[in-house]
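Read the single chain below, which is given as structure tokens and is the form predicted on its own.
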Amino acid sequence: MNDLIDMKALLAGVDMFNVSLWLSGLLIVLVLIGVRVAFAAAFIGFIGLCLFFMQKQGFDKGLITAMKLTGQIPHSKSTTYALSLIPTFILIGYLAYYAGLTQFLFEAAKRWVGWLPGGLGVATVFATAGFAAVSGASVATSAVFAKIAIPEMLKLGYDKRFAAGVVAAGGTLASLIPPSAILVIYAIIVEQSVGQLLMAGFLPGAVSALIYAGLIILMAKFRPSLGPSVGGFSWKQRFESLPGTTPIILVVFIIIYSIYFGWATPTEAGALGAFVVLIMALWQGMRWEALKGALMESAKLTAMIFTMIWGVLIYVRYLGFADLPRAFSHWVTSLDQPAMVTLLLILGAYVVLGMFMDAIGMLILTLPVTFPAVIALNGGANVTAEMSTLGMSGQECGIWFGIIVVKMAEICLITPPIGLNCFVVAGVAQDGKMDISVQDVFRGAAPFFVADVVTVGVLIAFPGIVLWLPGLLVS
């Protein structure tokens, strides 16, 4: 069949690598002007595939090949077994929230650590960490504790910016502490072990929570007006608060224990955790309206994440044909500077991107390029720890970089102008008639940016914090 346009001749001298650079730049522009990441990535990926195959096959055949490939990706990827873990993790969090289990968690944390300077802030961080261990969604965690913790802090005379910043930053812990949806997405995109990544996030998440708590204590110690302590709880009252936290502790134990000992795959552990929370919620008297709300919210968030994955994977498929990831890896490894300096530059780029993109969108757009580059920087996928540049084997580097880059994604949740957690906290506060603006939340969250940088530095300096638990899982 004669082509309407002789695309083979027209594109014969075109370098598809340069085209991929221009299209990637156009994708960033589309995202910055407000086009949804899923649709922008799918559009750019489809255009790139069309140009690539038209250069090889001509207009008609190239268009048909590109359309077939674009249509196959959503189906082939949505049937991936590992992806079924995402809705179960999300469902656990929403069931816990709608059943009122989060209120018990906050009350227990308040009674045990409220006596510290800024005690309610510290309690909020520990409660968000506990909820993160059953939620996996940062935005949901921030929204929940904006309703629970901020009114309590304001009643005690806490500075409104400080209170809002604590909640916004505490919500980010859900990105790192398992079960984490974003860690699962990372594992799928870069083809790493989901189980090892989930185990790897536990200790870094705990370290991050402790650094947040330390910052709150220091700030409240030197500026008592930020947040007074809460006293008056007897040991009896403290122990009486523990039974209400049992469902969440049980779910965390089931997920971590079953994965660690190999009794269940991560997907099976997630499903088992959701079932346990459901039984606990029904035991607590959860009504149909609450159950319906949990199911609907889980379905909405799952659909959003899956749509984003589908769109970006079309773009990723095009990048593979254009050979951009390999070329970028070669360029990074050829730089005449220490590997750690190059790594820090890559992480710095994530800080900048995080100011303009949401966490999941930023990762799934950049990982196809940055992940191969970091692995190559370390010495390759098959390198041993003794021969590597960064002191880790290829597999260990993939796990370690996953935790580092997800922590970088956490930072973008509290940095302007996008900072999704800050917008969520402000929205909930305004709905609750609290005098807290978006600007107040961003200002309150600013010190926690420093805390996140410290955490990243600790994880880079001591990679064993990340690799210890996954190492036990392997052995």
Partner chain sequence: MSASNVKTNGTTLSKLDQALFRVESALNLTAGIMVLGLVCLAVTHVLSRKLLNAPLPGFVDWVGQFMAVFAFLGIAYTQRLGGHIRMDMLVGRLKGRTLWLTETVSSFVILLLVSALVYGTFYHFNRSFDFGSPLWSRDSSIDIALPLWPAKLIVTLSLVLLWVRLVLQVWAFGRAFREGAVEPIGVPLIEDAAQLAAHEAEVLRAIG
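Numbering follows the first chain given and starts at 1. In this text, the rigid core denotes the largest set of C-alpha atoms whose superposition between the two forms falls within 1.5 Å. If you're wondering where the values come from, they're calculated on a predicted model, not measured in any experiment.
The same protein also has a form predicted together with its partner chain, omitted here; what follows describes it.
Review point. Which of W400, F162, F104, Y97 has a heavy atom within 4.5 Å of its partner chain in the model of the complex?
Key: Checked against the cut-off, the match is Y97.
Point to revise | Contact assignment for its partner chain in the model of the complex, among V383, A327, M219, A143, heavy atom within 4.5 Å | key: The option sitting close enough to the partner is A143.
**Study point:** Heavy atom distance at most 4.5 Å to its partner chain in the model of the complex, all of V230, A446 and D452
**Key:** Judged in the model of the complex, none of V230, A446 and D452 sits within 4.5 Å of its partner chain.
Review point. Pick from 268-276, 384-392, 207-215, 242-250: which stretch has non-hydrogen atoms within 4.5 Å of its partner chain in the model of the complex?
Key: Selected stretch: 268-276.
Exercise for review: Could you confirm whether R238 comes within 4.5 Å of its partner chain in the model of the complex, counting heavy atoms only?
Suggested key: Contact with its partner chain, no.
Exercise for review: Please run the contact check for K292 against its partner chain in the model of the complex: heavy atoms, 4.5 angstroms, yes or no?
Suggested key: Contact check for K292: yes, within 4.5 Å of its partner chain in the model of the complex.
**Study point:** Residue contact check: P74 to its partner chain in the model of the complex, 4.5 Å heavy atom
**Key:** Yes - in the model of the complex, heavy atoms of P74 and its partner chain come within 4.5 Å of each other.
Review point. Closest heavy atom of F59 to its partner chain in the model of the complex, within 4.5 Å or not?
Key: Residue-level check for F59: no, no contact with its partner chain.
Point to revise | Large Cα shift (2 Å or above) at G71 between this form and the one not shown, core-fitted | key: Shift at G71: 2 Å or more after core fit.
Point to revise | Rigid core fit then V406 CA moved by 2 Å or more between this form and the one not shown | key: No; that C-alpha moves by less than 2 Å between this form and the one not shown.
Review point. G311: CA shift of at least 2 Å between this form and the one not shown after core fit?
Key: The answer is yes, as the C-alpha of G311 shifts between this form and the one not shown by 2 Å or more after core alignment.
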